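One chain is shown next in structure tokens, namely the form predicted on its own.
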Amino acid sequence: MEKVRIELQNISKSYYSETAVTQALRKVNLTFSMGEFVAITGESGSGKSTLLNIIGGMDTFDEGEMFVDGEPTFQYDDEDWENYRRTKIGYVFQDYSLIGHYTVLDNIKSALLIMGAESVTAEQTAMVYLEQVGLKGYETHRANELSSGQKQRLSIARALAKNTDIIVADEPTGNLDSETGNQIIKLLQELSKDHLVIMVTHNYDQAEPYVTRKVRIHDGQVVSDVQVNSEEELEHAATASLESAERPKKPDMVPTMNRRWQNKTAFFFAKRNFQTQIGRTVLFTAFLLIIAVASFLFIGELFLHKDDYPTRSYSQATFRKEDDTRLIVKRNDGKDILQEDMDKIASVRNVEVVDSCDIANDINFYMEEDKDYKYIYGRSRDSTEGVKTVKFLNEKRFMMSTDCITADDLSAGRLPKERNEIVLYSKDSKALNSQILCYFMAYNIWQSGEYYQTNLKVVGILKEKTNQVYFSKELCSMLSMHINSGFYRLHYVWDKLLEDYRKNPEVVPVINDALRGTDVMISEEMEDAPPEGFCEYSWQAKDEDDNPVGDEIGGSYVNILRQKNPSTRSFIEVSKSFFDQYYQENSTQVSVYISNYAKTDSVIKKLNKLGYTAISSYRVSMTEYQEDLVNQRLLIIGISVFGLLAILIAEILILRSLMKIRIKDYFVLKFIGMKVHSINRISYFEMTVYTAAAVAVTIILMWILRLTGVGIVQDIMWYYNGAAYLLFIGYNFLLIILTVASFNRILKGRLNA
């Protein structure tokens, strides 16, 4: 007697809906043994397919027990049923249940990989079975390119390749013509010699000459179970057989199917999906690319607007120059900034230039007539003489020293060597060595309305087009010395009672190269101006808050000369030697210009680690909030947050719908034995690769747009630091994880239905 493989005892199965209960099977008792070819027949709805699904482990039963090789299955969990389908059952379906976009070879190889075979072994075994079912030469054809008969042969070859003892076939000839159907039945009959073959069929007449047993189901019950053909009759009827009488040796399998192997197998299927469904790959990657680009911009806007300083109004009371890239840097010990300090500061990432003439950076210069300034002519009240005054137009140009450039920045000429030499940009080659009249105003340093004027020589032409003019360090230092060094006063009219000078106006010293020794020149318009002759000149230091420090130091007596110059009422012109006697050359602070305001905090942090204190001149000068800018900032933040939430919902809904197209393929993988967890991993692997590609392309695209000068991208890219990139990458992968998890919940329900 042949070995009993399957035994059903009192199996019952019902299906439930909201309004009714349908009993599909009622107290079914059957046994199936090796060497049998069993045909299960019955009208539609009789329960024969339900019976086959229970035998194949694709459906559960409500009552009774099914024994497999004498072992009960009542204690089977999901994993046990997965192992049963993978190792015990080979499937042949009416609709073939092939993966159409896979090759013929891959369809068989898939079943072997799921069972735990190595890739090379699986391929070799698959080739043997393709030859046996007459499909040799079709290995590289896609399954959906085959004829109906070839597809069913491929389905049988896949079942054979699993080398299981039990083959179940659900209407294997239902979609075939008579001749092809007969060929398939003959193949199954040949297989039954060393297998248990159980077939559901509507066309019993076609199968009758080949089966060994007929089971008829009616209304969920077995109404007949009879032997129909002897072994001798079957041998006489068979006219077709497998090309090889010997079954190939079962390949070595991974016994435990550990997590590593499941991941490896799932990755194989994901990789084949990429290769065989290029259109789908492009569609998913393009969709995720759109999502990635949108999320990149929204996240960039959030980082761009997290700082509320730009919503305030700028006050020029402290720093005249409104530049959000400017930092004021000092040593922590308060000592002078030396060249080695400047080199160290300049080495910090995102630091563009370092200007030792810090105070001069807040001094306006006016160089182009009718653009920077213009002349106004009139008459004074007490004179008939014509009066020429200057009106300043452009207050956006500020001094910077030659600390900020090198000889490599020049297209012609050289860097300044003398005090009144400058470097600028010009298209006119004649500009080199020309003389230019320039006015200077230091609103935060000198008295209101006062300016300094001098002629400057152009000694260098810049390569890059810019409105910035670079002045000699000596000139920058001279004009800012009043702040850098201290108070300078002229003392005269001694009061014996007070024992002090009653006249001591504060003055701003500048160099006049025509003067010598202690000769000084003052304007006749200076308030409380001393008479010509000798008077005492003194200096007193200041602290950081512009307050006098220590005793006033009396200097030498100077020889006062006077000239008519109403615009320089507080200036005193001195000789170079006299100026150098009092001038403090070094400065305790420098102006540092960074690549972008977005890098303010990171640069300040790095400078602090190097032993420097840094502040943003822009932030220090921002005062009251501007309501319209505040509202605009909040609106952008709200839109960005809403946009990210909308993207999340849209991706889950749209992408999940697109992924449902593949559910049929996942059913096939389940039927040939793949674990549901492994099926879930395929989706994770695929979507992770799509997302990684979309994220990488987005980052590259944004850098290209930044370099090509796209404004909105340039603005937000400055704020894309490590945290922003992590948020962007994390957000997109979180979206795909949520999407796949949502899809897998649906898939699990479908697979278990």
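Numbers for residues come from their place in the sequence shown, where the first is 1. Computed from a predicted structure; not experimentally measured.
A second form of this protein, the form predicted in complex with a small molecule, is not displayed here; the remarks below concern that form.
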Checking S742, T22, S12, Q9 against the small molecule in the model of the complex, the residue with a non-hydrogen atom inside 4.5 angstroms turns out to be T22
Non-hydrogen atom contact G35 with the small molecule in the model of the complex at 4.5 angstroms: no
Is T50 near the small molecule? Define near as a heavy atom within 4.5 Å, in the model of the complex. yes
- Query: At the 4.5 Å heavy atom threshold, is S46 in contact with the small molecule in the model of the complex?
  - Reply: yes
TL;DR on 64 to 72, 37 to 45, 685 to 693, 715 to 723: the one with heavy atoms within 4.5 Å of the small molecule in the model of the complex is 37 to 45
